[in-house]
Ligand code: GDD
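The form predicted on its own is given below as one chain in structure tokens.
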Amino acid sequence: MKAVILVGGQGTRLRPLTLCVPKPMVPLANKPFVSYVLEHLQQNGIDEVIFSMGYLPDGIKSYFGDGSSLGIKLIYAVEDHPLGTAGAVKNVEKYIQDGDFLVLNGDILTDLDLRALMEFHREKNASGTIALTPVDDPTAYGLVRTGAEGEVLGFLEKPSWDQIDTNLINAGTYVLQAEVLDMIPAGVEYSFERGVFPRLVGKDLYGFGSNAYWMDIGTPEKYLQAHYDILEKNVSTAVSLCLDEDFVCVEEEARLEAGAKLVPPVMIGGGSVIKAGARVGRMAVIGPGCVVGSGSVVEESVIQADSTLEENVTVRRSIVARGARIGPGAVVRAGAVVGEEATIEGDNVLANNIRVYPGTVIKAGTIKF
């Protein structure tokens, strides 16, 4: 079975991290997010993947190439205008018209058992099967109502509490028969959620419920949470092999000076330097090639590659993107996001979910929340 990964969106909710980098290439625990999706597919027996692309496609193609280094065949198709979830799949029809195929949203981290999903689909001889996941707050999502055999009975979009009779939502992974492609108009924006699936209700559309890990990384808050879950091994990933029994992962050529302290769970990227007196963790990921200065503290945060924290910097529950520089004594906390190559000079305090766009320079003492 082949798989289509939908990576056409602009990732607006994750800005400024996605202004220079397509969302699938935003690093998650020091490697592009979509690499986890590819590894998951390969582990479940999928060896041919089609990327249906739109925004900033070149970064994905140049990084993964033909997929041979991963042992998987990769094909790329770029839409010239937004086509929606179903339209994007119709756009790659020539690669998937010879049998059932998988469709995955390119912003979901999950360890869903895809083999079991595909087997369920075959047993039901379904036209389409939607992976479903339970959520704590059903009012924030569209719900999927199912019958005793898993047949989809209908959809309920962002209901009030008195309307709720299920907590299952569309998990963004589908198995579809090739015949479903005939329902999708070519060259226009069209969605599975509003255009295809409602028309399949009562015609062999099924839901496959699972309690597997599931996270949409589309906001800074969820992006951070995905890192925490990887560090705590709440989701099965290759990173778990690096994290030792003490939940510490120090990659090759990283250097900890005498007096530097790591508080698990923590991950230090290759070639990074943690200076004497710095403390990193708990729940911190330092990217490759970073410098964390003496007396600096990084907690519950992600520092992407090639960034520099000078002396006595504090970063808590925030994100510092690739190549940024944080000056002496600056504080970055409470959901702040610093974009690529930005410079935050000393004596600044960034907090309250502030967003600093790529390349911005904030002079010393300018911002104090």
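Start at 1 with the first residue shown and count on from there. The structure presented is a predicted model; accordingly, all values stated were derived computationally and were not measured.
Not pictured, yet referred to below: the form predicted together with the ligand.
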item: Interface membership of Gly106, the ligand in the model of the complex, 4.5 Å heavy atom rule; value: yes
item: Any non-hydrogen atom of Asp100 within 4.5 angstroms of the ligand in the model of the complex; value: no
item: Contact label in the model of the complex: Ser52 to the ligand, heavy atom within 4.5 Å; value: yes
item: Residue contact check: Asp80 to the ligand in the model of the complex, 4.5 Å heavy atom; value: no
item: Residue among Thr129, Thr85, Thr237, Ser272 with a heavy atom within 4.5 Å of the ligand in the model of the complex; value: Thr85
item: Answer option from Asp165, Asp137, Glu252, Glu157, heavy atom within 4.5 Å of the ligand in the model of the complex; value: Glu157
item: Partner-facing stretch of 210-218, 237-245, 115-123, 289-297, counted where any non-hydrogen atom is within 4.5 angstroms of the ligand in the model of the complex; value: 210-218
